[in-house]
Ligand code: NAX
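Before any questions on binding or motion, here is one chain by itself as structure tokens, the form predicted alone.
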Amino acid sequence: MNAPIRVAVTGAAGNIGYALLFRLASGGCYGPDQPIRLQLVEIPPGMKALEGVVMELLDGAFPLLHAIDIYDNPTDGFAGANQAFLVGARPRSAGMERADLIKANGPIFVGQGKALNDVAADDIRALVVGNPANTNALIALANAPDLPKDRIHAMTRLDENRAKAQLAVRAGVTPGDVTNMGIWGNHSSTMYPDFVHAKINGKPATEVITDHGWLRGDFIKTVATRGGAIIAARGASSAASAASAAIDHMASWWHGTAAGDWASMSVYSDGSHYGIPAGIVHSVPVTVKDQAISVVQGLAHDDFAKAKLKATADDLLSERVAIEDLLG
């Protein structure tokens, strides 16, 4: 049995946090030989609910869960953390524009970036789940100047999982048969699920699914609007699938990607890959070995894909303009 690692989770009493914590405690992320200490962070009004979550975690009697501590601020909550799930953020309310959400959540990630920089462990890896995730991750990175730029990601694994599921249903296979599904760009309606390079049972998805009009049309639209469809159907957001995707992202970062496959991760762009502008957090297909991230090289894009990549990069650049004053 390994020594316990410290795992911090913000927004721990919220719907995504609640769904996430029991997967963490059971070993669903780091494996059956890796014990953890949970450091749970909530805003002061959420502390009472968090106490109830802790009761349930204790009642689960998870062998891998060695300790639980709760905090009402990230400076204390991130102390010594090796892994962090940055889930807590203001949700988008009725009538709120995306630009308003960006401005509302930006200051939260200024403080969280500073706390990660100042008190987290030297090997900290952090995943931003709270939306708008890509730009929130950029803000956190800008306020964590001592951290390597590859230590804070934003989550597009949910988009990848949604895309895999849609291809699997269309092809009559299971999602495990779908590999090399890359998401490019922003976790927003502009993200591009790259069906051209995806494979189904080792064959190009475009050979298995010959209706390319569906791939370019309804497939992309369904993946891009899935969150709204779930809200319309159940009257609540996609908390459980978001939590599952966060587990998937961090598990890939911890254990590595399978040979011949890749994962979608939103990482800081230095401008050296695929014409993606520097200074944004942009989703790309990556491989992971020993927790080191490598962008997949040599993927060709046709004019359709190039237009999609430009649109999503432009989306991220416009978000960056809205929070320029938070980047230091």
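Just so it is clear, the model here is predicted, and its values are computed rather than measured. The numbering used is simple: start at 1 and walk along the sequence shown.
Unshown form predicted together with the ligand; subsequent notes refer to it.
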item	value
Listed range touching the ligand, judged in the predicted complex by heavy atoms within 4.5 Å, from 190-198, 175-183, 203-211, 152-160	152-160
Contact test, all of A13, G130 and A133, partner the ligand in the predicted complex, heavy atom 4.5 Å	yes
Listed residue (L116, A89, M250, L141) with a non-hydrogen atom within 4.5 angstroms of the ligand in the predicted complex	A89
Answer option from V223, A242, A120, A126, heavy atom within 4.5 Å of the ligand in the predicted complex	A242
S237 within 4.5 Å of the ligand in the predicted complex, heavy atoms	yes
I102: touches the ligand in the predicted complex, heavy atom cutoff 4.5 angstroms	no
is_contact(I43, the ligand) in the predicted complex, heavy atom dist at most 4.5 Å	yes
Heavy atom of I108 within 4.5 Å of the ligand in the predicted complex	yes
